[in-house]
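Only one chain is included here, represented as structure tokens and corresponding to the form predicted alone.
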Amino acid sequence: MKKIIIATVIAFTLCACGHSKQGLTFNPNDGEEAELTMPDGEVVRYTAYEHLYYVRNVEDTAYQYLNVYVPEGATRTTPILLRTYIGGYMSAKARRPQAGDATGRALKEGYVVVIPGSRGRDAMQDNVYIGRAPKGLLDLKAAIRYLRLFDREMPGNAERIIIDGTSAGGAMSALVGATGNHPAYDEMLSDMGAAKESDDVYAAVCFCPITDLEHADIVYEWLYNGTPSRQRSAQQLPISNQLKEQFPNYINDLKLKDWDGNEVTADNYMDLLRRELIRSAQTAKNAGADISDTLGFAFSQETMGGMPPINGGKNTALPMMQAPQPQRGEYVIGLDMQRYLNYVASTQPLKTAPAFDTKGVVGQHASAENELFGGTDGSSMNFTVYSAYKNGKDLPKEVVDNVYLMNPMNFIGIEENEVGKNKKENKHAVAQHWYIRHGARDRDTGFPIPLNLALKLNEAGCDVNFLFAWNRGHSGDYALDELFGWMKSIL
């Protein structure tokens, strides 16, 4: 494995205004002026600081650096949007701002934008895979530590970092938000040469997070077991049935509570999910969307006693607005869940059974997640007890440990958590504010995965803004007016 030590060389080339700390460097005079033309034609001018290595012991020069973009007028008190472009748990390069996503909008709104590169399951040096779990997460944490190290020298406030990601990037955003300063990662970060600083963030934006991987197969089959594609598959239906049967123990062990503080169990979970999807549809209808009753929804001209609140409990969806009032005289009062799930499955093929830990089960090939937990030799690994058992194997301890480190649910609500409080003591801190969106017809993971994350955060005392986005598939950085309105409200 090839490692290079870059910090010493760079330090000698800096001008007198450059800064070197803990072997890492930043030169405020190295910025280059640039501009970005927005979709509306507005030109946003900014200063770019690129190729800033955030660890001393760089294994992969293509990914282990970050770019910083500072709009005109920004100061050291300006909030930072940190956007990760991780997808499929692959490596992600440090891109430049994009006019059509949150990075361009953030520059227009006056935020400092940071885009870090990070290694993924495909990263390789000298035939050694160097980006398997949890390396991508470690790179993001190291990037945040770098920002804190140079907080005084660099524009942007490292105590007001908002991380944004989609899909596997949404999962990484959730992990960064949930694991701030947790000691489980310290030794690995030290070995990388990361700065000895805090790595918590102020807020996490998670679009369709592909997370809780060790339980995602169970959730998926519980949700979609009754759909035609599952029921008519003689090969996959037995697998689906077996995984579905594990859902009650899984959900009951989580000991979740809904927005109003009521206990969530396997017996009432479908009702909870129904209410959340009705809220999604009602919110869209209030904004003018036409929703067909062929999808399974029922409508009324008047409210009914059992109708769920639009903004129930502490869920702060649609910030800075009053609970929206139905327009055109129609309320969504019910939902046939099986009809709706059949509709979702009709919009795109479901994943196989299992959906995530596929390797070797009924002859299936390895998934992206099997590669994520694989070895440095390029091998892929089962990561759930069920799939390993189907292959006649036990899970190696290293895999069990890495699966634990890659699940934000394991770090929320435990005793040492101090929501939003870490700072100088470097205690484990969960982000204070969360914006979680999952498409209301996104089948890339089961609906309970993001909902469970939101409920657990809410119970831990976090400010959670959660919604199933109506008629959305698997995507992110949409409804930017709403997202940036929320960001303004928390800042």
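All values derive from a computational prediction rather than experimental measurement. When you see a residue number, it is the position in the sequence shown, counting from 1.
The form predicted in complex with 3,4-dihydroxybenzoic acid is left out here; the points below concern that form.
- Highlighted residues S167, K351 and E369: every one comes within 4.5 Å of 3,4-dihydroxybenzoic acid in the predicted bound form, counting any heavy atom.
- Among residues of the shown chain, G87 is one whose heavy atoms approach 3,4-dihydroxybenzoic acid to within 4.5 Å in the predicted bound form.
- Although the partner is absent here, H474 is a contact residue: one of its heavy atoms lies within 4.5 angstroms of 3,4-dihydroxybenzoic acid in the predicted bound form.
- Although the partner is absent here, Y224 lies well away from 3,4-dihydroxybenzoic acid in the predicted bound form, with no heavy atom inside 4.5 Å.
- 3,4-dihydroxybenzoic acid is not drawn, but in the predicted bound form it has no heavy atom within 4.5 Å of W259.
- Taking a 4.5 Å heavy atom cutoff to 3,4-dihydroxybenzoic acid in the predicted bound form, the contact residue among A92, L107, I210, A203 is I210.
- Here is the short version: of D463, E59, D444, E459, the single residue with a heavy atom within 4.5 Å of 3,4-dihydroxybenzoic acid in the predicted bound form is D444.
- Residues placing heavy atoms within 4.5 Å of 3,4-dihydroxybenzoic acid in the predicted bound form fall in a single listed stretch, namely 167 to 175, out of 122 to 130, 260 to 268, 227 to 235, 167 to 175.
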